[in-house]
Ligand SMILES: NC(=O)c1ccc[n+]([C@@H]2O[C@H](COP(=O)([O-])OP(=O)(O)OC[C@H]3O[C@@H](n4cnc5c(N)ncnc54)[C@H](O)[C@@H]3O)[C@@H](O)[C@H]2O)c1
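Quick heads-up: it's one chain on its own, the form predicted on its own, in structure tokens.
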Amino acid sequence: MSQRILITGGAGFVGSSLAVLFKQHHDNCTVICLDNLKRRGSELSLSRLRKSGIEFRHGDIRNKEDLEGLEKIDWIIDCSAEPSALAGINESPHYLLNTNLVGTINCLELARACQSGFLFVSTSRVYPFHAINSVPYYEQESRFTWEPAHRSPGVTCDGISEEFPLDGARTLYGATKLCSELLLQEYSEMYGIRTVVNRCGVITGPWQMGKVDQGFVVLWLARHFWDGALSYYGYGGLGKQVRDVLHVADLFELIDLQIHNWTIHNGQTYNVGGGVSGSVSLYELTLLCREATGNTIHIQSVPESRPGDVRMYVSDYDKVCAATGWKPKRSVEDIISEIAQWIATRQSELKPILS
């Protein structure tokens, strides 16, 4: 594979992880990472990228000038975004909108100029939260579970599929990602650009600088490791809300398949996540973190839900599995163990960011 790949958001967790994995698996490809280094902890990725033979460019996708002068690019993998579902709720949404919308336009313009393929890392947050929360459920000892007999458009025994209705509010973050998906469709139709959209659930793994609003798996482990503070927010404050978790290496394996077989995937949109077997509630995650770290911490209960919260979300990835044979390989337990080991071996540099 001797292609030139540009990864935007390339010093972030997903972007840098994909870049390193591409070089590990395809040494003859050229990988360029562009990032504005805004997120705290992203600077730690620079030496990692350099050691892997990856070119780093300090730039911002909001500025089209930062994308000019790049030589022929075969693929753009767009991982650059303001990723918080809480962004813009109690603050100005300008950074969110400029990054996630203007930035997408600038990247698409580069793809048009280079006739690059464009792989977009989207999100499950494009699905409206009121509609997801209206799916009938029942409460188990450690988690919420959807009623198994319930069937409606986009709701299957495996989770939420691509057929789930898109009418309704989805957070400003989710709206910007859905708008970007629509722009991809137009550029594909008008300019013949190859496009693939992956609507991802919770992506995690080592090198993620977890925060309350994004990267909660790493956050949970780190707070247990350093005896920090945590809270169960919403839905009674019991920690029974559920998400499916996907290791970033599993995501890489899918993207690698898509790029190498782009004629099959061109113009497609897929739900991508850990699925039912890769799902976990916050309460269950707490138990796993206690086991991994040997520490038990107090977790505050906040019964009231926050704007845009969902009780549970699990990705039905049957469509992409049927197209590729891909399934996530790494279990929640494996992911927790790997992240815990990463934190333990890099305590001095991670503690100021994660504790």
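None of the values given here were measured: they were computed from a predicted structure. Residue numbers here begin at 1 and follow the sequence given.
A second form of this protein, the form predicted in complex with the named molecule, is not displayed here; the remarks below concern that form.
For residue 99, a non-hydrogen atom is located within 4.5 Å of the named molecule in the predicted bound form, even though that partner is not displayed.
Although the partner is absent here, residue 86 lies well away from the named molecule in the predicted bound form, with no heavy atom inside 4.5 Å.
By the criterion of a heavy atom within 4.5 Å, residue 62 is counted among the residues contacting the named molecule in the predicted bound form. Heavy atoms of residue 13 reach within 4.5 Å of the named molecule in the predicted bound form, making it an interface residue. For the candidate set 247, 170, 177, 243, a heavy atom within 4.5 Å of the named molecule in the predicted bound form is found for exactly one residue, namely 177. Proximity to the named molecule in the predicted bound form, taken as a non-hydrogen atom within 4.5 angstroms, holds for one residue of 188, 279, 269, 214, which is 214.
In short, of 122-130, 155-163, 86-94, 219-227 it is 122-130 that has heavy atoms within 4.5 Å of the named molecule in the predicted bound form. The three residues 30, 193 and 259 each lack any heavy atom within 4.5 Å of the named molecule in the predicted bound form. In the predicted bound form, the named molecule lies within 4.5 angstroms of at least one heavy atom of each of the following residues of 3-38: 9, 11, 12, 13, 14, 15, 34, 35, 36, 37, 38, in sequence order.
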